[in-house]
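Taking the form predicted alone, here's one chain by itself in structure tokens.
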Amino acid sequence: MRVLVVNCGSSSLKYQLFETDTEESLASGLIERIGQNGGHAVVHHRPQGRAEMHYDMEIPDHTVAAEEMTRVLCEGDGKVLDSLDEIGAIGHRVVHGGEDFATSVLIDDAVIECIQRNSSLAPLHNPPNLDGIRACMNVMPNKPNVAVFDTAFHQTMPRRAYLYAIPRSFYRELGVRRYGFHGTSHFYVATRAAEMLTDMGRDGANARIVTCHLGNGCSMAAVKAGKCIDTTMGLTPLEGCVMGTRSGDIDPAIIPFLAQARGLSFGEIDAILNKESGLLGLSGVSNDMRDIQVAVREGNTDAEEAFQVFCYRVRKYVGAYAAAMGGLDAIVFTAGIGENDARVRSYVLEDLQFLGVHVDSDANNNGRGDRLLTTPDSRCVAFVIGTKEELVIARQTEAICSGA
């Protein structure tokens, strides 16, 4: 089956076309700045094995963006399909499924209503996700659409892990609890790590794994025997690790303190915690770890401290999750920082010898692709595994539409 994977943001539409029989990507692309600058958008289209295309055009909304996506897939120099009839189904990334969805689902009116209802939990993400769903339904009205939720993988968490110690009515009436995000990424790399452990002659099926999705947004998950039992992000993606511009964990009393001390509104504080904090706030340099590392080499002490805080927070969660699972068999690094920054990995794994982690410096510093980072005698191993969230969406869409 050929599955089109769509991921819509407020002003963007990202897509990738898969042949699920071979798991080959036939084309991918991004349409950005939708509805901005008078509707003047930029289209990037990458047909497999051919030159990437870039061009500007007027795209006022997501429906027009979906029309251009289907056109470029079927026409012109970037053509990879003879007609839209070749597309068997469309898979959509949806950020928040609340407690309604523990698995991916075929989209119907009831599902759309639930996604809309959960928009109060993800006001910046669910509405544009719905825009993408409706746009694809308008442009390709006879195709099945499947919703794959970022939160679904974390729905196996026990109540002791997802409940906050606040009045229970906030959970019962408003749904205030830990949900977690990056679920498709954590699911993929945990599954792949279990396979790699099995190939090493270890018990991958029952493994206790900490997955570290480290990019501009960062989250970690404790995965035991393939099930998520805890994760760092909470009601929103703000909780947990230090991120590019997000603070991660802070004392909640800081919020009213800042409101009084600086005369800031809750909206202003929310913007600061989400957009001006994290690596950017600590370093004063950038939200990008690559820029932080350059500044560190140039002797910037604020950048070095930001780096240290980032790595310390990740390492602390590794220890916490090892305790939560009664031990640890593997640590997985993925996403932009996790896959590409050897210094971050080295500092996170530092002093974890008590868990049986012994780093192979050559594999960490010089290796490429999915690989083992630790020596053969390590009781707990560490991997780098490239995340493939779009492939997970394609697989789950194909499974639902084929009745598997």
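Quick note: we count residues from 1 along the sequence shown, nothing fancier. Source: prediction; values computed, not measured.
The form predicted together with a small molecule is left out here; the points below concern that form.
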Next on the checklist: Counting any heavy atom within 4.5 Å as contact, can you tell me which stretch out of 209 to 217, 67 to 75, 295 to 303, 252 to 260 lines the small molecule in the predicted bound form?
Outcome noted: 209 to 217
Checklist entry - Of these, A335, A27, V359, L372, which has a heavy atom no more than 4.5 Å from the small molecule in the predicted bound form? => result A335
Checklist outcome for this item: The one residue among M325, V111, V139, M289 placing a heavy atom within 4.5 Å of the small molecule in the predicted bound form is M289
Item to check | Non-hydrogen atom contact S346 with the small molecule in the predicted bound form at 4.5 angstroms | outcome: no
Checklist entry - Should T63 be counted as a contact of the small molecule in the predicted bound form, where contact means heavy atoms within 4.5 Å? => result no
Next on the checklist: Residue-level question: is Q36 within 4.5 Å of the small molecule in the predicted bound form, judged on heavy atoms?
Outcome noted: no
Next on the checklist: Even though the partner isn't displayed, in the predicted bound form is N340 close enough to the small molecule, meaning a heavy atom within 4.5 Å?
Outcome noted: yes
